[in-house]
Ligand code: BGC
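First comes one chain, alone, set out as structure tokens in the form predicted alone.
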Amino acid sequence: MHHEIKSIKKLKFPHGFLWGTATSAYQTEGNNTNSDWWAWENSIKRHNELISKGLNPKDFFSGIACDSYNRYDEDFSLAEHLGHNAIRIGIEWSRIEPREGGFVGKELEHYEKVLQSAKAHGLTTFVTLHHFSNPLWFMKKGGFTREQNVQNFVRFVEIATRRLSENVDFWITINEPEIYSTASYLIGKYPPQEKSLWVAFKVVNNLIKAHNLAANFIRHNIRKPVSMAFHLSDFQPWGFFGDFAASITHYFANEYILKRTINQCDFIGVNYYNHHHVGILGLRKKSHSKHDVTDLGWSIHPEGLERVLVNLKKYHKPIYVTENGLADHRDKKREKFIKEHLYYLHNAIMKGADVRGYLHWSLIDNFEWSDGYGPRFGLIEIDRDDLLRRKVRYSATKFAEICRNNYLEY
């Protein structure tokens, strides 16, 4: 009886390809008490909102998080053990400048030690300067809703990059300006929970200005590559006038910020999570699109990553996937998820996209913003009932094989 044998291909990645993970400061460090997020989590309004939904506020309070503020070396050691050669981390503005103009030397010294540790573990470092959270004083002045406040961010960037750049390989000014502006100022999911299209639009344009000024400083004075981590989604046409609807959505969701900041980007950071079917009546319901989904109900669509990456060829810049991952507390889908996304990433390289690295979200389970501690994105489990013990998941060992070999067996 003849059995068809499925051939396994070795898909090689470019020499020097960067393999690793991404994390953020607020989500892993814990006790960021001078941040707007900390104040919001502790607010009566937030507490009552959670109670009204039948949720336990304790599960949505960051608290000590993963205690990576103290356990960073342990985390980097695990990354090295898993074959990673790169890591993306963040530094927390609210720690470094807890009062306006009051920069704290010991916090800059702390981040210097963090970065020295990452380098000692052989990791190429991507460092994010703004990842959703802000100092409380900055928000009391209106945050990024006011153009004159952009100078506060730029001053922080100048001080932080001058002090820390020796151990930083890539700077990322702002994480997902698309998500920050809409979640905080349009749909009211993140603090300050505003719901105004006009305010959200103002924030978007002030973030563009903030990036351009900060990146210009870094490029000319620090001389390290700089970009943003752009949240880029795959939009496919659906139904009547679908092509028109998808192209309009693609422009505003993917291209509006990119086109206005690309001249001050040395590379393009890509965060890829979402794929949507778009028609003239809006986004098609996920249940109709026949995709597998994550624990958060996000559709899994690896083919979309290829389209997103190939679309960036026109900018003629190196590309790094700075986030890609899924909530999967049972670790049943993560290995397949990673391999399929890497297959399509490799396709994009074959089609001429200059992709030079892949950073999976995330190294460890962490505080997932307004979703609290429920979603588990980590290659490494954090046992919240056992002193935050780190437990390497099976999928992490499979990803480690790819990282060490620099090829994917598919």
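For clarity, every value in this text was computed on a predicted model and none was experimentally measured. Note that residue numbering begins at 1 and tracks the sequence as displayed.
Form predicted together with the ligand: not shown, discussed below.
Heavy atom of residue 93 within 4.5 Å of the ligand in the model of the complex: No, no contact at 4.5 Å.
4.5 angstroms heavy atom contact with the ligand in the model of the complex for residue 176: Yes, residue 176 lies within 4.5 Å of the ligand in the model of the complex.
Partner proximity in the model of the complex: residue 358 to the ligand, non-hydrogen atom cutoff 4.5 Å: Looking in the model of the complex, residue contacts with the ligand do not include residue 358, since no heavy atom lies within 4.5 Å.
Residue 60: touches the ligand in the model of the complex, heavy atom cutoff 4.5 angstroms: Contact with the ligand, no.
Stretch from 366 to 374, 379 to 387, 341 to 349, 42 to 50 whose residues place a heavy atom within 4.5 Å of the ligand in the model of the complex: Heavy atoms within 4.5 Å of the ligand in the model of the complex occur in 366 to 374.
Triplet 36, 156 and 181 all within 4.5 Å of the ligand in the model of the complex via a heavy atom: The answer is no: none of the three residues contacts the partner (heavy atom, 4.5 Å cut-off).
In the model of the complex, the residue from 271, 261, 161, 152 that sits within 4.5 Å of the ligand by heavy atoms: None of the others qualify; the residue that does is 271.
In the model of the complex, the residue from 298, 103, 337, 138 that sits within 4.5 Å of the ligand by heavy atoms: Looking at the other structure, the residue within range turns out to be 298.
Stretch 25 to 45 - residues with a heavy atom within 4.5 Å of the ligand in the model of the complex: Going through 25 to 45 in order - heavy atoms within 4.5 Å of the ligand in the model of the complex - there is one hit, 27.
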